[in-house]
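Take a look at this single chain, the form predicted on its own, given in structure tokens.
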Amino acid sequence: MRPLLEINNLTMDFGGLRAVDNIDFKINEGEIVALIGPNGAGKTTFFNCVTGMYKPTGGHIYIYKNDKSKKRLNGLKPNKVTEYGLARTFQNIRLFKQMTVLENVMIGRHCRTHANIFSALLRNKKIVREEYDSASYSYHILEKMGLGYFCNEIAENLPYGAQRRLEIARALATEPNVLLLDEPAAGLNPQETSDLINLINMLRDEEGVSILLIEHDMGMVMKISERITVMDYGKKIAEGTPEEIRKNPEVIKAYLGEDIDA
């Protein structure tokens, strides 16, 4: 399988606290991979480093482009990281609540369009066409996500589960190769979680997007993931298939907070 994202010795310090400690990680084309660990393990900090929200203290982050060359992402701003094919969602939903559902998704298209403030003011044929194409592409994504009916609805009026899907739709509008989902099942009921599992599988199988997710719902993680990486106190303590992780003594110890031999 072709690698898409490769991370070597990633480290992130906040003063005297080491939140991410020399993590190696890789995700390949067509994979669904989970990153798990107890609260405070460093998972979201890891995401923030990879997506340009934090500048890592050390290590290297590479993304492989479609021509198979790789680009080092360290120090790039989040919008530039997105242009290279990484998109993410957040644990706490971050929508433009007073904008419509369609407008929220169209915002995700900005990294793939060419309009600037001057061309937008001039409203020439090229810009009008680009806006039309952007709206059409965004609506197509909403239909795939089961949100087409809500396209003209104000985002904050959507049910909570639909808002979760809308945030994923906006990330998809950037045309990512790798989609990073931070707690996508948080706050969902069992039926919504089941629908989310189907949605993630569809994104991988039909859209060709590789998925990396942080998730506390272990039932979902074990059902959907091909590989699982486990963090504790900023370190990677285990990596393997769901069955390997389920039986790993270090993982059991990290989650139970006690010596399993006691």
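Sequential numbering from 1, following the sequence displayed. Owing to the predicted nature of the structure, the values given are computational and were not obtained by experimental measurement.
If you look for the form predicted in complex with a small molecule, you will not find it shown, but the lines that follow are about it.
- Proximity to the small molecule in the predicted complex, defined as a heavy atom within 4.5 Å, singles out one entry of 19, 23, 254, 238, which is 19.
- Proximity of residue 28 to the small molecule in the predicted complex: non-hydrogen atoms within 4.5 Å are absent; the residue sits far from the partner.
- Although the partner is absent here, residue 38 lies within 4.5 Å of the small molecule in the predicted complex, judged by heavy atoms.
- Contact between residue 223 and the small molecule in the predicted complex is not found at the 4.5 Å heavy atom cutoff.
- At least one heavy atom of residue 42 is located within 4.5 Å of the small molecule in the predicted complex.
- Residues placing heavy atoms within 4.5 Å of the small molecule in the predicted complex fall in a single listed stretch, namely 44 to 52, out of 189 to 197, 61 to 69, 44 to 52, 204 to 212.
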